[in-house]
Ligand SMILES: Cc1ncc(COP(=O)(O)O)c(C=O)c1O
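In the block that follows, a single chain appears as structure tokens, in the form predicted alone.
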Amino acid sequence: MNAQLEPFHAIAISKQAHALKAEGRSIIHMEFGQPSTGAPQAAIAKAHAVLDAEAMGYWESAPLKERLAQFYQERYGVQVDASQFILTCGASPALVLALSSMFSPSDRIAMARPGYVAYRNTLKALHMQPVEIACGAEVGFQLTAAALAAVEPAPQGVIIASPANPTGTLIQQDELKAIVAVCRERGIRIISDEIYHGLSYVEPAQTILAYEPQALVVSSFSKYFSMAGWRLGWLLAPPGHVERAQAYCGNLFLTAPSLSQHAGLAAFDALDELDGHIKVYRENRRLLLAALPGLGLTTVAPPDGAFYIYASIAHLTDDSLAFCKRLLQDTGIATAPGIDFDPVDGKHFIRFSFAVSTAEIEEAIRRLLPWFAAQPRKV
């Protein structure tokens, strides 16, 4: 039986936004977690050189895997072997690879609700069972060890994300340790989505490998490295699982794009440039958080990282999708409806991405203030 998947509604919002732009409307894209900056100059220069010199083909870059291992040592103080990295065409195939190679159909995989839409839908597509645990603003919309310990029967796996999508909140280190303890006690395998690492505003995110070397880590060059369109990611597998995961990767996906692997290695020579992007996101975050009370949006968990704000609009609507469509039509601002991230309570939430220019954030605030002020409250 084929799995029934819900659509990714933000994609529909984006299509509508592009149609309005084609009509001449001024559009501000805050619907996707996509950096408005391009790849670092060193990566682009390397790509030009490779295009002129190589035919390329199926290939996995040993130097890139070595550099990734060095990066984990430098950034986290965690020792991993280069052989543990399996290069993929972005983080999404890495998630599919982690799930399909580690778990079986019908296995139960826990995750926070709200959470990234593709977690739920990928699990369904693989005929696994998502076990969504409601996590409210009082816990930063994040999974806790206590909540995971209360799930009966124990799930076979859990997906955690810190910083998380759609909220940008972090799981604090003590809580990460407690989650690991629960998982060890109950035999729960951890998949950690670390795609937003490097984008932090309060404290650096810590890899789950600092506490659980047997976890699987999913990440990519799309966010911090500002290379979303290059489609390059990785699965970091525990030593005893590498051969199995590599076999799955070779059969399902072959290899990551050769050109992107060359460019990704060069991107490590541009960390200062990439850290400069964080200064822009930090200012965008400050401006948007300061503007929220004027919009009447007071129920949020201030983002610790990533580039999202997840805000309650429960006083205005029970239909976040219709709300986002109307907001786009009236103001030209594209946002993501909460139902993408939470099929139960997401009807009362909206997600803003601030991965745009500061000028666009300032313009968005100018448009949003009068529009929200004119919205009637629910009776």
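These figures come from a predicted structure and were not determined experimentally. Residue positions are given as counts along the sequence shown, with the first one as 1.
Separately, the form predicted together with this ligand exists; it is not shown, and the next lines address it.
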For the three residues Tyr116, Asn165 and Lys223, verify that every one has a non-hydrogen atom within 4.5 Å of this ligand in the model of the complex; reply yes or no.
-> yes
Would you kindly say which of Val131, Val180, Ile191, Ala91 lies with a heavy atom within 4.5 Å of this ligand in the model of the complex?
-> Ala91
Option touching this ligand, based on a heavy atom within 4.5 Å in the model of the complex, out of Ala267, Ile195, Leu288, Leu216 | Ile195
Please determine, with the chain shown alone, which of 83-91, 69-77, 96-104, 271-279 has non-hydrogen atoms within 4.5 Å of this ligand in the model of the complex.
-> 83-91
Heavy atom of Arg108 within 4.5 Å of this ligand in the model of the complex = no
Is His127 one of the residues lying within 4.5 Å of this ligand in the model of the complex, judged by heavy atom distances?
-> no
Could you confirm whether Arg231 comes within 4.5 Å of this ligand in the model of the complex, counting heavy atoms only?
-> yes
